[in-house]
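The chain that follows stands alone, in the form predicted alone, written as structure tokens.
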């Protein structure tokens, strides 16, 4: 099934791609590789679940936030290539988790984006991943992700 049809089946309407908050672009295409800039959990212009995981934000809310950041990443990919059916495969997901010392549930938090990518792209959504915990995050976001995709 196509990614675009999967979005419809899942009842997902992609948001407008978030604009940069600094001196950078939101995606770059080089050949058949597209990389997004770091995507935050913006929804309707409001940062969702701000703060640190393990301190102000639960693992469950971190999962939700990462899914929102994933939707923003899909919006960036679509802005670049016009149609998500042009994605051959999701290559890599980078995840940065704003967390308190001792927090160790990074994989569960990042599953919010990973699950979304696999729901939308099915087998083409299976990817390699890195999950890092960091003590501070721009705009007090609880998560930030970067998506790498191979495209037609």
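Numbering follows the first chain given and starts at 1. Bear in mind that the values here come from a model prediction, so they are computed numbers and not experimental data.
What follows is about the form predicted together with a further copy of the same chain, which we do not show.
Heavy atoms within 4.5 Å of a further copy of the same chain in the predicted complex are found in exactly one of 41 to 49, 113 to 121, 79 to 87, 66 to 74, that being 113 to 121. Within 4.5 Å of some heavy atom of a further copy of the same chain in the predicted complex lies at least one heavy atom of residue 94. Interface membership of residue 59, defined by any non-hydrogen atom within 4.5 Å of a further copy of the same chain in the predicted complex, is ruled out.
Residue 137 belongs to the set of residues with a heavy atom inside 4.5 Å of a further copy of the same chain in the predicted complex.
Proximity of residue 11 to a further copy of the same chain in the predicted complex: non-hydrogen atoms within 4.5 Å are absent; the residue sits far from the partner. Within 4.5 angstroms of a further copy of the same chain in the predicted complex, the stretch 12 to 27 places a non-hydrogen atom from each of 21, 22, 23, 24, 25, 26, 27, taken in sequence order.
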